[in-house]
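Next up: a single chain in structure tokens, the form predicted on its own.
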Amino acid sequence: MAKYILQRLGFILLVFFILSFLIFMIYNMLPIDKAAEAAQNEIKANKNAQLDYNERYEYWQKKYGTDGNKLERYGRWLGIYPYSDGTYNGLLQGNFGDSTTGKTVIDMIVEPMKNTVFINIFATFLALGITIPLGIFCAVKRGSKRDVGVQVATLVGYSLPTFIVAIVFIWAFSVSLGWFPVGGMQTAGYINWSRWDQFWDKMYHLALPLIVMTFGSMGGMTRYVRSSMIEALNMDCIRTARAKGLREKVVIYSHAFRNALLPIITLIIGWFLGIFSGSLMIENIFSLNGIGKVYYDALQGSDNEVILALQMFYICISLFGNLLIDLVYGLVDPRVRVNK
């Protein structure tokens, strides 16, 4: 197992460098030169100083590490090639660069990332807590009126786009009934409140987005669990367990569900990995300060440093997520366990 993990980590490292190189080169094809922009802004701000543009441009190039050829610039950005002063200050040293807003990339993404993780963890656990039992129930009661009713409802929910669900729920629960606010994350003046009141005010604002996210994910997950459970219940080992006189609950939850877990695990872990990527549509519709909205705003404003940092973060999450899926497979099913 240790040898397998080391081999996969080596593979992850190789893929990381290849993808980082490709992404950096793609984004550097864009006609954006932050050194030139910084030099122009400096000259405009100091009109009386009569600064030389070429001199200031060269200064900002060295400061940002954009002098030299593209390979040298990639090395500086990644942190494996020194700046003109001999220092290493790139991605591997924890320096993700500066946003066009004047803040560092770290300052730009830390708070939205906390909000995104908070929102998505709630939505994920709510959805799993509903869909897994519901999917098992539908598989066990396959063909019944209740199963047909749930299938029709989940098919409708699965077919509706997220933004349609969000608009309908805003109209129903915010505009018509007035139960929840239309958007935002806090009430004006919340800073003067106690922490407990701030927390409940935040949960009040997040209630409707959480309901929309849970509703939007229920259809697909319920049908997926149902399909996996039906396949597992038709296996020979399940017939044998029933023939041996085991209780039906033991057969369903101990034998059938464990065999159905392999395909479900991929989806569940994918959900948890998606926690960090944010909910672009939901965060923009409800004006939530999440990482999805930050990424969208960065794309709109050509903020390459933020875009590159988030892209590399998503790459790392995906690579390590695939390793996690393989390891969890081994825990669930000994047949796919790696011992050499």
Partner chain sequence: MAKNEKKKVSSTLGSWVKRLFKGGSRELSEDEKFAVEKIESPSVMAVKAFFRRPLAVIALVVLISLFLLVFIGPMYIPMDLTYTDALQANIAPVWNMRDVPDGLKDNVRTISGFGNFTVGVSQENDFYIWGSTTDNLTGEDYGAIPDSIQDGNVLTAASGSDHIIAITTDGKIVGWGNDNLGQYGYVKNEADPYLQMPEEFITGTIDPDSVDFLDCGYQATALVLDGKLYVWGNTKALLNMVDIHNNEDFQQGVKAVAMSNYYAVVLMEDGSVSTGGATYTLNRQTGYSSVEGKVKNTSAHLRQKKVVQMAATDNCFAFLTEDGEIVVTGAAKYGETNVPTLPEGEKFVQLVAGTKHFLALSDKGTVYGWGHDDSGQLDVAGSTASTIYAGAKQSYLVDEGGEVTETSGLQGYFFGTDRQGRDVLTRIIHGGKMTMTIGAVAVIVSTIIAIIVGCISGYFGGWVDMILMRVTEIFSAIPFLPFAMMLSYVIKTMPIDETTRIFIIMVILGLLSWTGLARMIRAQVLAEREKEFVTAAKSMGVKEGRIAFKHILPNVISVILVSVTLDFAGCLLTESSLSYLGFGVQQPTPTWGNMLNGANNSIVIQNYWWQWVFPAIFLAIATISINIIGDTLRDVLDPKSSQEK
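Everything numeric in this text was worked out from a predicted model, so none of it was measured. Numbering follows the first chain given and starts at 1. C-alpha atoms forming the largest set that superposes within 1.5 Å between two forms make up the rigid core.
Beyond the structure shown, there is the form predicted together with the partner chain, which is absent from this document and is the topic of what follows.
Put simply, residue 29 is close to the partner chain in the predicted bound form: some heavy atom of it is within 4.5 Å. In the predicted bound form, the partner chain sits within 4.5 Å of a heavy atom of residue 19. Interface membership of residue 300, defined by any non-hydrogen atom within 4.5 Å of the partner chain in the predicted bound form, is confirmed. At a distance threshold of 4.5 angstroms between non-hydrogen atoms, residue 281 is in contact with the partner chain in the predicted bound form. For the candidate spot formed by 210, 246 and 258, no residue has a non-hydrogen atom within 4.5 angstroms of the partner chain in the predicted bound form. Only one of the listed residues (203, 167, 250, 92) places a non-hydrogen atom within 4.5 angstroms of the partner chain in the predicted bound form, and that residue is 167.
Interface residue among 110, 121, 230, 269, judged by heavy atoms within 4.5 Å of the partner chain in the predicted bound form: 230. Partner proximity in the predicted bound form, defined as non-hydrogen atoms within 4.5 angstroms of the partner chain, places exactly one of 66-74, 311-319, 53-61, 33-41 at the interface: 311-319. Contact residues in stretch 155-170 (any heavy atom within 4.5 Å of the partner chain, taken in the predicted bound form) are 155, 156, 158, 159, 160, 161, 163, 164, 167, 168, 170. Fitting the two forms on the rigid core leaves the C-alpha of residue 304 displaced by at least 2 angstroms between this form and the one not shown. With a cut-off of 2 Å and the rigid core superposed, residue 289 has a Cα displacement that falls short of the cut-off between this form and the one not shown.
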